[in-house]
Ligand SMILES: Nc1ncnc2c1ncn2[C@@H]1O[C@H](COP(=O)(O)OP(=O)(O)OP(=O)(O)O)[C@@H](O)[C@H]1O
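A single chain, nothing else alongside it, follows as structure tokens in the form predicted alone.
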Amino acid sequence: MLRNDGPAIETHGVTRRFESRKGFLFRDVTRTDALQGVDLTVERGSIFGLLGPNGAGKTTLTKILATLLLPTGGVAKVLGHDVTQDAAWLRPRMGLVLGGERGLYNRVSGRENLRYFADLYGIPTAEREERIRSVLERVDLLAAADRRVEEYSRGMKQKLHLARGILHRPEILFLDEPTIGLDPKSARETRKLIRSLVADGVTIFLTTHYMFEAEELCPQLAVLSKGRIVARDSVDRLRQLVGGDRTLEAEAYGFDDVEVAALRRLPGVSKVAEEEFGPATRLTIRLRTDEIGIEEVQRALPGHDELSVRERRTSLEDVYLDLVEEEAR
């Protein structure tokens, strides 16, 4: 039975420093701070999304929470237990899916892979075959269960990773980029499976580069940049953090600095970003209020016969880029 007391994950000031040596007699030491004081709380029975650019520290944090890597400093608790002191208690209660080609045995079948992991997890022999059949059916691999894994497509291997991750019925599941490299159909099936696991009471900690996936799956999100959490909230609240849920886009063959400055002075404008698209230039205008719309932007940019202005809702990708860009300054 799942415990319901306290958060699923709680971290306070978690840091992680990596050291590498080079040079004559390896005397030169290079230190890299992958995590720089991460504070995070994740409630039980939810899908929590962690976003961040490459090198931000997402995989490092995931490995610390999954007891695969020790933090350099701070405290990290999963299911109420310290990841450094209670790793033996935690490991049978958590699942980890890193994906990719590693972690599977290619020369044996999918079913035989799961038998091996079932023995590692200590699943009773009397339950093993039925448990394997159940997870294979859940990830839609039952028909391919007795084929060698080396014959599997990348999507099928990712499904087998997921089957391994849920075989021992964990209370919390860590998914690091679970749909990367999958075709759209396989990715959709994987997202469906993730939602069904939460319906069973499993807590999901998800890292992803796909903004639409995070927006679809995760009620709560955090953005990690340069080893720090720069924002944590629901998608709607994050939109407000970067200036509201309305965005206007103006596109034409070049804008001068005076025009861009005029846009920034319009009431309710929180940000104007400029981006080149071949011969055209696009201005992305983030709005805090409803004070202006398409007509006001058109009047502020006279003399562009080819001007195109449209309104759309601020996307999670907009929010993410704004937050990461702000942190980089």
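One rule holds for the numbers: they count along the sequence shown, beginning at 1. Quick caveat: nothing in here was measured; it's all calculated off a predicted structure.
Omitted from view is the form predicted in complex with this ligand, to which the following refers.
Taken together, the three residues Val230, Lys271 and Leu323 all stay farther than 4.5 Å from this ligand in the model of the complex, as judged by their closest heavy atom. Ala56 is the sole member of Ala66, Ile47, Val297, Ala56 with a non-hydrogen atom within 4.5 Å of this ligand in the model of the complex. Think of it this way: in the model of the complex, this ligand has a heavy atom of just one of Gln36, Thr60, Thr284, Thr281 within 4.5 Å, and the residue is Thr60. With this ligand omitted here, the record of contacts in the model of the complex names 26 to 34 of 273 to 281, 256 to 264, 26 to 34, 298 to 306, defined by a heavy atom within 4.5 Å.
Using a 4.5 angstroms threshold between heavy atoms, His209 counts as touching this ligand in the model of the complex. This ligand is not shown here, but in the model of the complex it comes within 4.5 Å of a heavy atom of Glu177.
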